[in-house]
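First comes one chain, alone, set out as structure tokens in the form predicted alone.
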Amino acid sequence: MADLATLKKLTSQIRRDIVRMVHACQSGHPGGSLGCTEFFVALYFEIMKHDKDFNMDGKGEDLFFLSNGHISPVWYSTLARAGYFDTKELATFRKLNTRLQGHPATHEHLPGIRVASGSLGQGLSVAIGAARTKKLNSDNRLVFVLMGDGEQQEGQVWEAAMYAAHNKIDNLIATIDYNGQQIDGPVDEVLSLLDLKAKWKAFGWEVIECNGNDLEEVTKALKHAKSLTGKGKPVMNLMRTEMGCGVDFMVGTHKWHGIAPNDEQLADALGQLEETVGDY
């Protein structure tokens, strides 16, 4: 466990990693990655019990699944900064035949990745399967999953939601990156989610809310979510974030969902983000 000041420095460094990775290959998804940085820092450095000496079965440790796999830059940086692999490997992002592909994959055995993801709508189902497995194995650790808000437009999400509540999958904590943006525009304009909190409650989940760009608040929310497990209901964390958080010209617009900064934009972004523990 690290103190808050140390975690904030790490958050800035991971944001630097994100913009540098996407710029280097001129491909990727910086907006959502920047918006979820506090969540990943809180999860991996404060909340989860996990082992950088990675094995696929994950027995006796908490598991995390990324459903919105396009925000792989923030996950790869977090894993590297947590010691799963050398930070120098971040320079290989999206390059041919490397382990750090645009969407997380398992065929190259990248430590920390247990399932290929990015086909939206599937991650919650995978997490439920892992959570059921832990129950069958009398493993009392938890399963975490992150989804996007635009992803809530996928029908499989709601099938999984019903299944989890019906079967009392209460060792599961799901989080939605609720930034109001998706690739084609604002979520409310593409296909409104209406009252998302009421929907998840109606589907039988325990629902909490937090500001995902406040490191202290998101950490407290995840700790609160853990306190709600084991009580017969799965837990949903509705996490409000700003797409592009940390870089002023990327904030709050879908335009930075999936494009890379040019040289001038990279310099501008890095000028806003302090290098704290060393660039890769």
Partner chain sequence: MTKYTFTDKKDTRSGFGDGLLELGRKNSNVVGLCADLTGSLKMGDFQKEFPSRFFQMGIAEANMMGVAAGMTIGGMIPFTGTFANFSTGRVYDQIRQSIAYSGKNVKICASHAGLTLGEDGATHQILEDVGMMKMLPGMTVIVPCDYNQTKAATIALGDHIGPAYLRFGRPGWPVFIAPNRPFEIGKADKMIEGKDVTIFANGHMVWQAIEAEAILAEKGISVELINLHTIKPLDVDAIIKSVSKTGCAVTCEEHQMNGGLGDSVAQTLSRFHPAPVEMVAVNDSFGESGKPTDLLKKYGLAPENIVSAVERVISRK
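Numbering follows the first chain given and starts at 1. From a predicted model like this one, the values you see are computed outputs, not experimental measurements.
Keep in mind the form predicted in complex with its partner chain is missing from the figure; the text below concerns it.
Annotated contacts: Met56, Thr106 and Ile128 all touch its partner chain in the model of the complex [non-hydrogen atom within 4.5 angstroms]. Ala160 belongs to the set of residues with a heavy atom inside 4.5 Å of its partner chain in the model of the complex. Using a 4.5 angstroms threshold between heavy atoms, Tyr44 stays clear of its partner chain in the model of the complex.
At the 4.5 Å threshold, heavy atoms of Gln101 reach its partner chain in the model of the complex. Taking the partner from elsewhere, Arg132 is found to have a heavy atom lying within 4.5 Å of its partner chain in the model of the complex.
Stretch 57 to 65 is the contacting one of 57 to 65, 248 to 256, 210 to 218, 234 to 242, since its residues have non-hydrogen atoms within 4.5 Å of its partner chain in the model of the complex. Checked against its partner chain in the model of the complex, the candidates Thr175, Ser117, Thr78, Gln182 yield a single residue with a heavy atom inside 4.5 Å, and that residue is Ser117.
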